[in-house]
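Here's a solo chain for you in structure tokens, the form predicted on its own.
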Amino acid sequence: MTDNVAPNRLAGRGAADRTRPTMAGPLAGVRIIEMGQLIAIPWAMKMLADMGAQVIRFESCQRMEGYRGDSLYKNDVEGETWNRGANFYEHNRNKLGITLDLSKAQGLDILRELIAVADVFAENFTPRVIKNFKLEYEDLRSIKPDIIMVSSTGYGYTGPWANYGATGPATEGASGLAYMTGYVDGPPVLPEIPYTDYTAGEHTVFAVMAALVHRFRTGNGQFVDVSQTQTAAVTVPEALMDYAANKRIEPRMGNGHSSMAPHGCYPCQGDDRWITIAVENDSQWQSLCRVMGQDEWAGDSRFADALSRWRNRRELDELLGKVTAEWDAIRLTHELQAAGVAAGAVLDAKDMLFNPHLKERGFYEVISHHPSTGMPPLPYASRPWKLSLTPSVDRTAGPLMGEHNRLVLSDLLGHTVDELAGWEEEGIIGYAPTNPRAVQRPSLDEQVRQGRMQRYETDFEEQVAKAYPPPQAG
């Protein structure tokens, strides 16, 4: 299948290979219509697209997807910025992209045509929005009786909080996760990333697969109701059960542990370099003392057994931190692991990108972008699991805005090029936002000064290109 894009908008942009993946993938034959924004549904559908599902993502020119205008490659705010959003590309690889204005009747009619030939319809808007568009499950069933509809919302499709607006911090708080994270005697601490969006994405992938298996066996579709808050709440079951069984709410303990010591994150050589260490038993404690060259610790009565170490954990952490500060984090990790002690260097973004273990496992996949973006091929994080007989499909970058309008609306649905031209004239489809909003960050030096960036390197392009050369044609 090749991409026939609207010639008045996309012709002459270069001869990049923008064909669909040639490897079928285990989900080949499954078609998904995605009405997604930002992370929760786009990330989940990306994983399904990686495995061969045809994901047709539609967006609005009138209300631009937030990730299209943020994290722009090299902070370049000139030209078609909406096609250079790094986060947008991260969450939308291997998808087809079209535009539709659902505020117009024709836009909704086109969407209904797509639903009629789809297996799954996935969205992450509030129930109020879906009801206003008449896109609830019963509405979809009248179009496609065996359709699977996926709704990913902050608090679930039903219940008193159903129409509450959802952001990462709000759902992390409501899930109970934020209460548990933080330092001793300190306030709750939110994750750096919108954690619940990703837990929701993982659970959504599982739920869609289960619904597809059920439909294969019975011929029946169903409604999949995903609560992003609940997907995070199920990651802290110990705290819930502790209260249910013991009426106990434990205080925040930072990097500590309720029974293990030492257990924490300790400084190493260099600027902001750290290692995590967890000692579970006496044997591991003896090994730690040997590796660190601190035989006197092994004979110290304060650290004689697990309970003693835990009771004196603050003194132990202080002693251990002074010694780890003299070590390189990677070297110490290897030494401790070889001695049977659980330890891991704390990796920053650059460490992870060039990590030899991740590279050897092929964790990063280099993807080429359309020449019009001015973006070089870049390494993207792939899936953390590997299937021996059904690998993922070949990779394609996320779509330009409206890139596959003609492929989907004409080749798939059978509409004429003249119809598409008329819809473009009416603003039903398009190839650029009507009100582009590009977020320009301060200069790199200013971001460092403000504490919004730890550091940067001027030759990052050369380093990335050397470690991850562009894929070979053919």
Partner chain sequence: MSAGALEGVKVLDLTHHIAGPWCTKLMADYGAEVLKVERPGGDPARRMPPFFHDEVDAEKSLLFHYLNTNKRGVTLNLKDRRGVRMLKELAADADILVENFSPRVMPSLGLDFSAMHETNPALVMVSISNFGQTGPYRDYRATDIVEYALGGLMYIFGAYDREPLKHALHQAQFKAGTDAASASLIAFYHQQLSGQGQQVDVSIHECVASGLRDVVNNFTYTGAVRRRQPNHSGDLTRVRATSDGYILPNPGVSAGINWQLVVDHMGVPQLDDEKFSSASARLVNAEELGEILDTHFRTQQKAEVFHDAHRQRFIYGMIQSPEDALSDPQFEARGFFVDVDHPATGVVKHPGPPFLMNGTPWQVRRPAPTLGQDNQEVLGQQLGNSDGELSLMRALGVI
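Quick caveat, the model's predicted, so the values are computed rather than measured. Positions refer to the first chain, counted from 1.
Absent from the display: the form predicted in complex with the partner chain. The rest refers to it.
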remark   = Picking from Ala298, Ala116, Met209, Val77, the single residue whose non-hydrogen atoms come within 4.5 angstroms of the partner chain in the predicted bound form is Met209
query = Of Trp310, Phe125, Trp327, Tyr380, which residue is found within 4.5 angstroms of the partner chain in the predicted bound form when only non-hydrogen atoms are counted?
reply = Tyr380
Partner proximity in the predicted bound form: Ala105 to the partner chain, non-hydrogen atom cutoff 4.5 Å = no
query = Is Asn87 one of the residues lying within 4.5 Å of the partner chain in the predicted bound form, judged by heavy atom distances?
reply = yes
Met35: touches the partner chain in the predicted bound form, heavy atom cutoff 4.5 angstroms = no
key: His203, heavy atom within 4.5 angstroms of the partner chain in the predicted bound form   = yes
request  = Pick the stretch from 56-64, 421-429, 403-411, 445-453 whose residues have a heavy atom within 4.5 Å of the partner chain in the predicted bound form.
outcome  = 445-453
query = Leu190, Met260 and Met375: each with a heavy atom within 4.5 Å of the partner chain in the predicted bound form?
reply = yes
task = Determine the residues of 380-409 with a heavy atom within 4.5 Å of the partner chain in the predicted bound form and present them in sequence order; the list may be empty.
result = Tyr380, Ala381, Ser382, Arg383, Pro384, Trp385, Lys386, Leu387, Ser388, Leu389, Thr390
